[in-house]
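For reference, the chain that follows is the form predicted alone, supplied as structure tokens.
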């Protein structure tokens, strides 16, 4: 499915403030970026870099006063996520080097403190995907989704104790419990079609049978049509905005809409004809 997604943020900077933004998704597994627009008001210089997790990050300096960001993209997304209930556990000695750090405790995911809970939840599960699905199902059934019950300091241990939170908290707990079983897990933030209420969203991926699989404890069944914006160990790595000064976010709006099929067909360009050509390639150039 093609989706139009985006967000608009309005700030007030009380002083000149450097910012790191993480709002641009990349084409990759399960998604293709068809087009995107990025508007910043007032106009400022923007530089971009790719962080250690492969996320696109933009550096700007907001002047004192009102400052707004509007980002939108049209993205081809996968209608379904892969579900392989018998996908086996990948032993630590067989993990790729770049995956190993996703087995370790991190700021919001104290996996070294949750081994017993993870063992209790997964005691009747097959090692691998089955264990992760048991964790996802347990969180969905035992943690109450409620706004205003957590904050930027809430960790996986806090959520396990309080049994309440939002998608960020569900995700941290899922990651922590997976890592407690030596299953690599990472945080994902982005957009989910027909999320209710609509907002930026967070879920997690676990590495089993030599690849990453998607898990979302806020949902009662697997759902596709996701747009990934960023990956990281936990929320500390995937903030949509990181500010280094006195700056307030006044309003934020998020949207995800399906592109009408007729509109998509109308906008699709006619295939180019290249006589006598054997082939060619071309390219055109924080969560609730």
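Positions refer to the first chain, counted from 1. Keep in mind it's a predicted model, so treat the numbers as computed, not measured.
One more form of this protein exists, namely the form predicted together with a further copy of the same chain; it is left out here, but the text below deals with it.
Q: Tell me, out of 146, 182, 162, 137, which residue has a non-hydrogen atom within 4.5 angstroms of a further copy of the same chain in the predicted bound form.
A: Result of the distance check: 182.
**Q.** Contact residue in the predicted bound form, from 78, 84, 126, 92 (heavy atom within 4.5 Å of a further copy of the same chain)
**A.** Looking at the other structure, the residue within range turns out to be 92.
Q. Every residue in 213, 223 and 255 with a non-hydrogen atom within 4.5 Å of a further copy of the same chain in the predicted bound form?
A. Per the other structure, none of 213, 223 and 255 touch a further copy of the same chain.
(Q) My question is simply whether residue 141 lines the interface with a further copy of the same chain in the predicted bound form - judged by any non-hydrogen atom within 4.5 Å. (A) Result no; residue 141 lies far from a further copy of the same chain in the predicted bound form.
Q. Does residue 190 make contact with a further copy of the same chain in the predicted bound form, using a 4.5 Å heavy atom cut-off?
A. Output for residue 190 is no: heavy atoms all beyond 4.5 Å of a further copy of the same chain.
(Q) So, residue 37 and a further copy of the same chain: in the predicted bound form, are they within 4.5 Å at any heavy atom pair? (A) Yes - in the predicted bound form, heavy atoms of residue 37 and a further copy of the same chain come within 4.5 Å of each other.
Q) Does at least one non-hydrogen atom of residue 197 fall within 4.5 angstroms of a further copy of the same chain in the predicted bound form? A) Heavy-atom contact with a further copy of the same chain at 4.5 Å: absent for residue 197.
Q: Counting only non-hydrogen atoms, choose the one of 214-222, 198-206, 111-119, 127-135 that falls within 4.5 Å of a further copy of the same chain in the predicted bound form.
A: Among the candidates, contact is made by 111-119.
(Q) Could you pull out the residues of 49-76 that have any heavy atom within 4.5 Å of a further copy of the same chain in the predicted bound form? (A) Sequence-ordered list: 49, 50, 52, 53, 56, 58, 59, 61.
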